[in-house]
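Shown here is one chain on its own, the form predicted on its own, set out as C-alpha cells.
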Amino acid sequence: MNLEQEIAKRKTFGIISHPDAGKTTLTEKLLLFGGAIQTAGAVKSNKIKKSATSDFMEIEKQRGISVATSVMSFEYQDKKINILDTPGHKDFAEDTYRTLTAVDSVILVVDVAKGVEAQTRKLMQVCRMRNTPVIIFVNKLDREGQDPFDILEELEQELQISTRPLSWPINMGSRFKGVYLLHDNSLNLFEADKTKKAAEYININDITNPDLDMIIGEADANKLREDVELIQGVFEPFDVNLYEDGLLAPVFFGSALNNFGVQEMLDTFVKIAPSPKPRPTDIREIEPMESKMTGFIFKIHANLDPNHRDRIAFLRVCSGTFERNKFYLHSRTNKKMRFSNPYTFLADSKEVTQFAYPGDVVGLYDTGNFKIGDGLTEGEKLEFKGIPSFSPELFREVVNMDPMKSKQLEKGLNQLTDEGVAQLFTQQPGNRKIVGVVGELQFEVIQYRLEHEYNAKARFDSVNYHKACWMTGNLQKIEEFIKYKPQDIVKDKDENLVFLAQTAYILQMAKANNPDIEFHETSEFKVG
C-alpha cells in the first residue's frame, strides 16, 4: 500500500467532554465495535468490577476519572482509527489542549440532562481556534433530560457552532424507545445492553410508513413525524464541507453505557471525518503526502508500565513514513536519534511497529531527551506551532519528607513535570523547589505518583503566588528588575528566568513600569 492510500485510511480524533458526560464509556464502546475488545465493562457498574479500558493509571482506577490522555488504535471498515481519549476534569485541561493539536477531528460528548457545561465551552474554544471538525454525541438518553430541540439550541448558542441532527430520539428516560436515523429512514430500537453490540436496524423507507405506528406506537410515531418535519424545515441539509471547516456539527443521540446509538455515529464518522491534515511550523506548512517523515511530541508519560520504569514520548506523525531503526533529527538539540522499539497502543497494551504513517501516534522510549513540542525530521530544522503550555496559577513548595530519598524525589519531580501536567521552578538561595499547576487535583496526582512510582514522600506547602511569567526583552532592564524583586525570581527547568507575581495587581504594575520587558503567560515564544 502506498503512502497516499495509507493516509486515506487514517482517521485520528480526540474524544472530549465535561467530566462525567460519558466520554471514557463511549471510547470503550467504540473499541468494542472495532473488535479491539470483546466485552465492555461498565465504568460505573458495581457488578462488573472492572475499570474502563482506557483508564490505566492506578489513581485513575481509584478516583474513577481520567487524568492522562490514552491512545488507542483499531481497524473498522478498512480504516485505521486512532482515538485519543482525554481527561475531562478541568484540573487536567492542559493535557487535553495539547492533545487537540495532535488530532484531525473531535467527538464531543454532552450529557442530555446537564447540557453544555464549563469544560465543554473551554474545549470548544480550543477546537474553534484550529477550525477542528466536531461531531456531537448527546449521551444518557436512557435517563431523563432536556428536550432534544432545547439541547440543540443550547449547543448552537453556547458553543457558537451550527448543528444538524443525523439521528433523533424517540422519548427518553424510562420511555426511551430508540433513535430514528434521518439520513436513511431507519429505526434502531433501544435494548439496554451494556456489554454487547446493538441490535439490527429496521428500515421503514419513509417516515409516513404505517409500520412505524405498529413498531413504536401511534402516539410516538406521530410525535416523531412532527419532529422530523420540524427538523427538515428548520435545519439546513447536512453539508460535509461545512463540517470539515469546523462550522457545522452533526449531532447523534444515544446511551454510551448501554451501547446504543454509538454504531451509527461511528459509521458516519468513518465516512466524513477528515484524513490527516497539513500542520503549521515556524518555517512552512507540512503536507502529509511529503515523502520525508516529520512529527512532533505532544505528550510524555513516565511509568506507563509500573513494573518497568519506562518513559514514553508520544509522537504524532505528520508526513512521510516513520520507520523503526531509522535515524531522525531531533530539531531542538540537533542530535540524530533512532528508535529500536517504537510502539502503537491499545490503552495499556502496546506492540512494536515497523512503520507508521501520517495520523498515527507512536510511543518512543525516552531517556530524558524529549520535551513537549519537540519535532523529529529527516534533516530539516523546524518547530511545530500551536502546542500550548500555560502559565500556572496554583503554586506549592515541595518539602522532602525523607532526606534519604532525595535523588528519587528529584528524579520523580523532573520526570513528572516533563509530562506537562505541572511546571517546576527553582528558587535561590536554598535550591527551593516550587511546583506550579493549572488545577488543584494535579498536586494530589503528583504526590501520589511520587510515592507509588518513585518511592519518594513529599509535602506540598502553599506559597502565595498568582501567576508565573517568563521574561524576555532588554537584558539590562531584566537584570535591574531581578535586583528589585529577587525574592520573586525563579528559574524553570531550562534555566529561563521566571517572575512569580504575588497578585494580579503586582503583575499589572510590573508590566506598566517595565515596558522594555515582555512578561509571557504561555510558552509559545522563544527564550534564551
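Just so it is clear, the model here is predicted, and its values are computed rather than measured. Residue numbers here begin at 1 and follow the sequence given.
The form predicted in complex with guanosine-5',3'-tetraphosphate exists for this protein as well; it is not shown, and the discussion that follows is about that form.
Exactly one listed residue, out of 110, 256, 286, 317, brings a non-hydrogen atom to within 4.5 Å of guanosine-5',3'-tetraphosphate in the predicted complex: 256. The single contact residue among 371, 143, 332, 324, judged by any heavy atom lying within 4.5 Å of guanosine-5',3'-tetraphosphate in the predicted complex, is 143. With a 4.5 Å cutoff on heavy atoms, residue 20 counts as touching guanosine-5',3'-tetraphosphate in the predicted complex. Although the partner is absent from this view, residue 12 stays clear of guanosine-5',3'-tetraphosphate in the predicted complex, with no non-hydrogen atom inside 4.5 angstroms. Contact check for residue 139: a heavy atom falls within 4.5 Å of guanosine-5',3'-tetraphosphate in the predicted complex. Stretch-level contact check against guanosine-5',3'-tetraphosphate in the predicted complex with heavy atoms at 4.5 Å: of 256-264, 332-340, 180-188, 231-239, the positive one is 256-264.
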